[in-house]
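Starting off, we have a lone chain in the form predicted on its own, written out as C-alpha cells.
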Amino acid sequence: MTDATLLVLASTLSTGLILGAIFALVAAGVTIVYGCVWLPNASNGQFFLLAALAAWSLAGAGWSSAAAIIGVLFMGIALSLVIEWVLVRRLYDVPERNVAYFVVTLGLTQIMSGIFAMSWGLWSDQFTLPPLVDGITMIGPFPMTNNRIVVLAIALGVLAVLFAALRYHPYGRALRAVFQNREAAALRGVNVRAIYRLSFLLGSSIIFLGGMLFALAYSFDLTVAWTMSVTAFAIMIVGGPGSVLGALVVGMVFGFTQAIVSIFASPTAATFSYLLAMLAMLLFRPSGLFNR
C-alpha cells in the first residue's frame, strides 16, 4: 500500500471519526429530549450554532478556548432553565404536545436565525475557535493536529459517560423508565416532571457542547445550524427515538459516509450523502435500528 493510499485512508478515518462523534453527541442530546419529554426540538441546530458563536465571541474577548467552553456551558444551562420555565413546562399536559412543541421551537428557530444574521452575520462569514492544544501527531504518514485528537477524545468520552450514566445511575434508570412508559414510571414513584426538566437540561447541554467541539475542529458559518438540525433529526429517526446507542451507531455511519463522499466525490455531494444513507437504512428498519 502506497503512502498516498495510506494518507487517503487515514484522512477518511480521522474525519469520519470526528464528524461521527460530534454528530452522535448532538443526536444523543436531541434523542434524550424527544424520547423523554416528547419534544421534537426544531431549534437544536440554533442551540448548536449559538454555543459555537458564543465561545468564538469569548475567545475574541481574550478568553482561552477552555475557559470559553466552560463559560458557555454554564450559560447554556441557564438559558435552558429559562426556556424550560417559560415555554417547555407549560405544554407538558397538552394533548399531542409534540406538535405544539415543534411549532414553538420552529418559531424559536426563526427568531434565533434572524438574531444571528443581524449580529454575528455582520461581523464575519467564517468562524473558528482557537485550538485547545497546539502541535501535530503523525499517524503513519498522516499528520493529525493534537487539537482534533482532543476534540475526538472529549466527544467519545462524553458519549461513554452518558451511556454508562443512563444505564447504571438512578437518574439514568428513571429516565429510561419514562422513555418506556410514563404512566408506569409515575406509579413506581418517579417524579416525571422533574425527569422532564432534567432531561431537557441534559440534552440541551450536550447540544451546546457539540457545537463548541465542532467549532474547535472545523471552521463554520451560520448555515451550519440548519445542516446540523436536519442531521440530528435524521440520526434520531434512524437510530430510534430515545436510543443513545442508536445515536452513536448512526452518527458514526453518517460521519464516515460524509467523509468518504467528500474525499472521493465532492464536498457538495457530501452535504446530502448521509441523507441517502438514512433512506437506505429506513428501507430495512422503518421504525429505527434501535427503536425502544
Partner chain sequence: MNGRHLAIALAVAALAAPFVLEGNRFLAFVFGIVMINLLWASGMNLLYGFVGLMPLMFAGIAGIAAYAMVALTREAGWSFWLATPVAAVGAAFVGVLLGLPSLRLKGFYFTLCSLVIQSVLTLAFTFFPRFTNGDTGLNQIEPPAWGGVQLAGVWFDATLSVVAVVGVLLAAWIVQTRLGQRFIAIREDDVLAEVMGIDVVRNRIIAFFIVSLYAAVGGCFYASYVGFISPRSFDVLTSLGIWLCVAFGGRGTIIGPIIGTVILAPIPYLLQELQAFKDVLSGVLIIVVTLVMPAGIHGEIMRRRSLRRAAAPPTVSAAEAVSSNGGAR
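Quick caveat, the model's predicted, so the values are computed rather than measured. Residue numbers count along the first chain shown, from 1.
Just so you know, the form predicted in complex with the partner chain exists too; it's not on screen, but the next bit is about it.
Considering the partner chain in the model of the complex, the lone stretch of 107-115, 70-78, 160-168, 194-202 in range is 107-115 [heavy atom distance within 4.5 Å].
Using a 4.5 Å cut-off to the partner chain in the model of the complex, each of 87, 99 and 278 places a heavy atom inside that distance. Among heavy atoms of residue 150, none comes within 4.5 Å of the partner chain in the model of the complex. A residue is said to contact a partner when one of its heavy atoms sits within 4.5 Å of a partner heavy atom; residue 82 fails this definition for the partner chain in the model of the complex, lying far away.
In the model of the complex, the partner chain stays beyond 4.5 Å of every heavy atom belonging to residue 133.
Although the partner is absent here, residue 241 sits close enough that one of its heavy atoms falls within 4.5 Å of the partner chain in the model of the complex.
Site annotation in the model of the complex: the residue of 50, 58, 253, 237 reaching within 4.5 Å of the partner chain with a heavy atom is 237. Contact residues in stretch 205-240 (any heavy atom within 4.5 Å of the partner chain, taken in the model of the complex) are 226, 233, 237.
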